[in-house]
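Below you will find one chain, with nothing else, as structure tokens; this is the form predicted alone, and questions on how it binds or moves follow later.
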Amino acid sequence: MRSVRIVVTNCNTTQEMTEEIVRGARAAAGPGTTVTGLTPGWGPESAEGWLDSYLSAAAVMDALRTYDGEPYDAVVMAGFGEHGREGARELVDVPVVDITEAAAHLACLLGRRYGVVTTLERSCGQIEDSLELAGVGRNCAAVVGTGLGVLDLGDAERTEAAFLAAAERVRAAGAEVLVLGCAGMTGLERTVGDKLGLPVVDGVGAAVKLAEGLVGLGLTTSRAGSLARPVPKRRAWGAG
């Protein structure tokens, strides 16, 4: 299989989180796959709620629009439940894999119902809507928050304890598989899976493997209908 070049977009402006996400992506990537992180130049420092998500979507698309690095074969959007994936698919001519969809699709292969453990409770409805739009919401038993903010996830011991507590609520709702509901949780699946006795899917790793597969199969976004290239017109991309 030829080498695959993947750009992973962070949904916020926190460079340290981009670096953590890239480490997780590279750990999942196959031999010969190159992973490059892309941090938006503007937007929220963490995406927690509708306002942040819409700002993030525009900022990520702007970062892809103005990207001047090495050519790439696929994009992984590392914002769980965040907006923008459909717009990004219109914008670029390579496969775009959202970690929300990727994690849910893989979870559906591992059990009848899955559950998501995320950060703040305020993000749960947004994630549920994202899963419904992607067509995988009917298999979701529950979306539960840990009560931790995105930027609080650096405390590994506290994050693990909060995740395990929330995971028990998801299991009680009928989940047979767990999904990490934030890109900043990447790597946690290796420490909590055995303790829970359930498969735990990391969206970043799932998206990387799906992106590699799409590139290897020579598949990309259909231009036959709703994801056709944007209509040519003048667009003002902000003050810059």
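Just count from 1 along the sequence shown to find any residue number. Every value quoted in this text rests on a predicted model; they were computed, and no experiment measured them.
Beyond the structure shown, there is the form predicted together with a further copy of the same chain, which is absent from this document and is the topic of what follows.
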property	result
Any non-hydrogen atom of Y67 within 4.5 angstroms of a further copy of the same chain in the model of the complex	no
a further copy of the same chain contact in the model of the complex: R229, any heavy atom under 4.5 Å	yes
N139 within 4.5 Å of a further copy of the same chain in the model of the complex, heavy atoms	yes
Contact flag, T39 vs a further copy of the same chain in the model of the complex, heavy atom cut 4.5 Å	no
Triple contact flag S46, L106 and R122 to a further copy of the same chain in the model of the complex, non-hydrogen atom at 4.5 angstroms	yes
Residues in 215-238 with any heavy atom within 4.5 Å of a further copy of the same chain in the model of the complex	G216, L217, L219, T220, T221, S222, A224, G225, S226, L227, A228, R229, P230, V231, K233, R234, R235, A236, W237, G238
